[in-house]
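For reference, the chain that follows is the form predicted on its own, supplied as structure tokens.
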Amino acid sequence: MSAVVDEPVEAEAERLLRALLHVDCEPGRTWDLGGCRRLAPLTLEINTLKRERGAVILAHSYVEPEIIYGVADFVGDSYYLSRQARRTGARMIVFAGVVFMAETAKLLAPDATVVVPDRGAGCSLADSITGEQLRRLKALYPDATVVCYINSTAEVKSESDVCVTSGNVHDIIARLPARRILFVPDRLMAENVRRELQRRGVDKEIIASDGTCLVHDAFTPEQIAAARAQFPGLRVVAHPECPPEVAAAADFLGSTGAMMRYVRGTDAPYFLLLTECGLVGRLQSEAPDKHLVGGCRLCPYMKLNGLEKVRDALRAPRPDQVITLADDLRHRAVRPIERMFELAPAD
């Protein structure tokens, strides 16, 4: 007797396989129809719950591919997702990323219930400085304009003058009237910004705090040199959170969205992406004709997100999964984000 085929599950499994077939950026993980059949009931349940709850799922490019291609409504970097949170109008937002991103969504969509699959999904950058530490820095440099990278907590944003992303940081800082800039929390990005502004002839003094991204801080020029020797014609694509010597050795430096556009639009035999493996997985899925070689690193915080946790946060979120911000904090923290939108309007 032949087994009964569950047609919705089979159709969902085939849809997942089409999206995931070429994704192999994580060691030991491959995708086949059997694996997608095991995922399909869960993705179907989550997508049903979304409709019932009036929810949207925002997923960062660094989370697991089954979230990105199985249940996410919007996928991208911090800036893109903050824009979607601002305009979505959903009753509920499930943010598959890290906690500071969900806080930003709550700042921009205060009437929505914003939940995170795992409250332990922190960020080495965002967690490197507190609001109190920033207040002490501000006291040392009272004439400085405080610029916070979007990878920062709501508390740090509330002490800042303007927020920036890796894609708009140069243009925004160049437009600020102050010469002295206090940049938090990324020390490496601050150095890369300082060098780029000097190249552009923009006179700014940039003082930085000491945070770094545990993924991007680990890349080295030696890794680039070894890859170039092995793969003739290689293009090296790096994120501005990388060390300056890595940025200088790369062929292209840009945000996650810009990195994807560069690879898609560039004709080269090989690409080395110096960033988190999730972005490599997206390109393997969405641009399977591109040859991506080694190099990426996993973010342990991003990988705390999982389909079961997403489902549970949708079905009945625990108090620790719900993002709550005091009204005063929210009003102060949203100002630098709105200032960013004013200085660098979305395209």
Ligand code: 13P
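Don't overthink the numbering: it's just position in the shown sequence, from 1. Please read all numbers here as calculations on a predicted model, not as lab measurements.
The next section is about a form of this same protein that is not shown, the form predicted together with the ligand.
Novice: Are Ser78, Ser166 and Glu241 jointly within 4.5 Å of the ligand in the model of the complex, each by at least one heavy atom?
Specialist: Judged in the model of the complex, Ser78, Ser166 and Glu241 all sit within 4.5 Å of the ligand.
Novice: Against the ligand in the model of the complex, would Tyr149 count as a contact residue? Criterion: heavy atoms within 4.5 Å.
Specialist: Residue-level check for Tyr149: yes, a contact with the ligand.
Novice: Do Ala109 and the ligand share at least one heavy atom pair within 4.5 Å in the model of the complex?
Specialist: No, Ala109 stays farther than 4.5 Å from the ligand in the model of the complex.
Novice: Taking any heavy atom pair closer than or equal to 4.5 Å as contact, tell me whether Ala154 reaches the ligand in the model of the complex.
Specialist: The answer is no: Ala154 has no heavy atom within 4.5 Å of the ligand.
Novice: Using a 4.5 angstroms cut-off on non-hydrogen atoms, would Val246 count as touching the ligand in the model of the complex?
Specialist: Outside the cut-off, so no.
Novice: Between Val237, Met101, Val162, Ala190, only one gets a heavy atom within 4.5 angstroms of the ligand in the model of the complex; which residue is that?
Specialist: When the ligand is considered in the model of the complex, the option within 4.5 Å is Met101.
Novice: Tell me which stretch of 138 to 146, 248 to 256, 194 to 202, 220 to 228 has a heavy atom within 4.5 angstroms of the ligand in the model of the complex.
Specialist: One stretch meets the cut-off, namely 248 to 256.
Novice: Using a 4.5 Å heavy atom cutoff, which residues in 54 to 70 contact the ligand in the model of the complex? It's fine if the answer is none.
Specialist: Going through 54 to 70 in order - heavy atoms within 4.5 Å of the ligand in the model of the complex - the hits are His60, Tyr62.
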